[in-house]
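Listed next as structure tokens: two forms of one protein chain, kept apart as structure 1 and structure 2.
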Structure 1
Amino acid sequence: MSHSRFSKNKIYPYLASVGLVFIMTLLGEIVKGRLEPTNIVMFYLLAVVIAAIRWGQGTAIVTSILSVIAFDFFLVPPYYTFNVHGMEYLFTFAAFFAVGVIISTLASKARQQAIKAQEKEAQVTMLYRLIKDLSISDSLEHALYTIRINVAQIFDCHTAIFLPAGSGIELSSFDSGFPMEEHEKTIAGWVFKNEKEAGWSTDILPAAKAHYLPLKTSQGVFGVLGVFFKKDKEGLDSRENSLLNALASQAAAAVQRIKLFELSRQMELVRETEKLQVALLNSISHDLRTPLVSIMGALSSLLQDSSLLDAEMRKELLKTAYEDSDSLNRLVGNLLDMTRVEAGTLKINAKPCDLRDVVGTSLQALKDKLEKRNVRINISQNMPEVPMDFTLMMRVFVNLVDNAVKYSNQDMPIEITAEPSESEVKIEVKDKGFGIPEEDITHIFDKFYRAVKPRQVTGTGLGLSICKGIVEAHGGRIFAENNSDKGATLTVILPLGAKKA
């Protein structure tokens, strides 16, 4: 970018030096006669210093020469000739010229350092901006975009990033101005394989349209950055090249960071899943085995010791085996439901349903367990038809009522009420049992979570999380509260008329 400024203003510094010398000569003319000419030389030294600092050594030397000529012509007697009286002035000329050269050398060095410092600062600013932008990107895609946009803004160019895919690399992020030829991709591939810059403005494959840099860290090459400059650009100077390389290595570091982050997130997920699977296996093997123990025990007893058992005892054993088979069956059913909820293959086939029928049929499915229970049903007379999947919502009510049975004493009633509002229907299953410890109330819908664990209560803690999955798939919600007196209320809220809207 500074290139253009240089070429456009090549003559300007020399014109300026002429101007400076002219001004100094004018000042000299004013004080001429009142000051020794050797003192007036100081004005010209000032001009040389200004030229050196402002425009560099060349201009300073030209200024020195012009100063000597102007000094001699205008300010050294005899005036307005180049003739000089006395050796003294020749010495002044020589000394002035020498001082001019020395000052200009020093000043221009200082100037170059200042320019370098400025350029360094600009580079650092650009790098800083890239790093800052990258630090807030949390996905690879966004990081690649950030890198490209930064490089494109700094160099006014088109950019592309290639990432490894299969055995080679693939264009992952690019803007439409970037050349897409197969040949260009081949060069990018070469850069990836050899971990070296190549393409335009390099010694390797310079016929390419774009310049390619490896995105390299200590861990290896992550990809390739392609930079395509506008047509009239001739090449990269060393400063541009080093900035580009610095940007590329920052970009590589960012890509590495994000890749590591994504990897660790995956690992975390795997760990969580494994933890869950262990919990599941523990829970399942325990809950599957418990009913199996009593089934096998009862049946083996009947097989082996049949003659020792009276009719009453035989019936008792058979009843135990049958009841536990039933609970085993329900457990397997819940596991299957959970798998479907988890896999996201739960298909809601919502049709208008008679809520009273859904509740009644759910109770029918539990009729053995409810034989001695007092179940009060209070469904509002003006209950409209509710859009829902009959079978799946039945599973919700079976689980909720089953829970109420498990967590309350046999002589306690279970109450089911349902009340519609304008847009929703609220269904409550209320028991007068042990209630839910306050600290557990938000967790009971989590998988494998069981609040109180009374001895006789079996189950995997899957029931409520299945309910949650099913209710939410209906666009509804489910929550638990403790009653002010005794026990807990589980509430299901389903949207009405979702189908009509």
Structure 2
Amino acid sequence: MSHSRFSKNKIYPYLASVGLVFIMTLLGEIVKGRLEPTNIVMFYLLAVVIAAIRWGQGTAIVTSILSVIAFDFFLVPPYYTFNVHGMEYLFTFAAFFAVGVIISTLASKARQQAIKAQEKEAQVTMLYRLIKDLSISDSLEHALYTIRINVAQIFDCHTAIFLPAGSGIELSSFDSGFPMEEHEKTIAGWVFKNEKEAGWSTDILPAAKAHYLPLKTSQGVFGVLGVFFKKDKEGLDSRENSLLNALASQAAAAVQRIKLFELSRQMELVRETEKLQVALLNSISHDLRTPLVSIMGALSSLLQDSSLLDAEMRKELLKTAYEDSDSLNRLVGNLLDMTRVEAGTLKINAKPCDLRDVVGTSLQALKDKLEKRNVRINISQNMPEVPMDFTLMMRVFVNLVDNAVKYSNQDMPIEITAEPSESEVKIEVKDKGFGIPEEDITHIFDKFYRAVKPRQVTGTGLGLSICKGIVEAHGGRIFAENNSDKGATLTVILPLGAKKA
């Protein structure tokens, strides 16, 4: 808007035209003895062109009139009088004036076109900058902030954006200088409802302090942009109003895009949730039914045919029922733990614990599964007590060892090692089993995720996910990697300092 600075002072261009005519007259005085007066006219034509290009047609015409007068008075014999001895000079005056007007008109049009081209270029640059800034906005909040900052910098104003809320709109993003009166909010609501500009510098509710524009696309109105100018201003000219509307259109498109993206993301989340629910129901129904069928079969045999069964057979049936009951109990426990982890209600009661006791208790819980297994335990002799929740960490090691049992052959050993460092302890559970496919390593701690294995393995895919939740709740971390020779290692790292609340 710098081109309008001179137009604010309406006197200056005409004073400048007088100065131009004065300078050209001085040049004419210098050369009038050596050049024909008709040749000196070119000096004044130059003044007319300069005035037209610099200040416009009105100033150029005034310069033409002043040039004819000065040329006649100072440079045409008899000097310093308006008398003219030859008709050719009258023709020269008329022609000069006509040429001056034509040149001023053409130069003025060229100037206006140049100004419009500059304004268009500036407008495109501003819109490009806004579009570029909005393209990297990854949230509605950031997009609204970007819109406000760009509009505020371009127009040197305070801004606010209103978005739909219930049956009306609410102020979603604003700066401290924007007027917050209830009357202003009511006008913004009117703009949103009627999809028309209103407020200051409009014919609708002009008493408002701010100017309000609907953020509208072909899909409807997505909000309202409010603009409050810091300095006294009579109104918006056509160029400013056009630019402001263009900025509002781009802002509306950005808000629409982000809202549609958020809606799409919510729909995708719903679809993924439904898929997880289906996976959960399928997995749980299968994993619940299998031990229940086994338990019911064993108990049914004991109830109906107990007289026909010898002591060894009854003991075997009871053992089967017990093992499946234990498996069922662990499944239900995992489901409860997963619920607590996801709800954020998992409470850690960390106390200094002997790691050997935690590992030993975990192995005792799996004694039936480990009956024919070679489990090697190598815990450093200088292992200090580790702050942890005994019960929860026992669940972690039960799941880790149970995982090693599932994914390795019965004749393969399982190794548990633990080594402290200055600030943490590293615990590894190694097996000599199938290993983990490379594409599965980063996903095996995801809920319901189960790696592809060369044989069918039962389970819900919750065990390692629960381990991750419990370990991270202790301020530690857990990860998996394949061994260089055979099998995989699951590593737990726990801090030796108590977890901060």
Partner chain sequence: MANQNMRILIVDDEKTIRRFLKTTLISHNYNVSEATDAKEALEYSVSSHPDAIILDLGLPDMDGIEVTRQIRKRAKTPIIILSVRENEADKIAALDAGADDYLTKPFNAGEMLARLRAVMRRLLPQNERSIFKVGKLSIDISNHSVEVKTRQVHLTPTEYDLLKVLVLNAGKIMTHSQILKEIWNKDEDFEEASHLLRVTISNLRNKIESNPDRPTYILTEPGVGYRLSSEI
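Start at 1 and count along the sequence of structure 1; that gives the residue numbers used here. From a predicted model like this one, the values you see are computed outputs, not experimental measurements. The term rigid core refers to the maximal set of C-alpha atoms that superpose within 1.5 Å between the two forms.
Which of the two shown corresponds to the form predicted in complex with its partner chain? Of the two, structure 1 is the form predicted in complex with its partner chain.
Does the C-alpha of residue 240 move 2 Å or more between the two structures once the rigid core is lined up? No, shifts by less than 2 Å.
If we fit on the core, is the Cα of residue 221 displaced 2 Å or more between the two structures? Residue 221: C-alpha displaced by less than 2 Å between the two structures.
Displaced residue check between the two structures: residue 196, CA, 2 Å or over, core reference: Moves: no, less than 2 Å.
Following alignment on the rigid core, what Cα displacement (Å) is computed for residue 372 between the two structures? Between its two positions, the C-alpha of residue 372 lies 4.3 Å apart after core fitting.
Superpose on the rigid core and then read off how far the CA of residue 414 has moved between the two structures, in Å. It moves 4.0 Å at the C-alpha.
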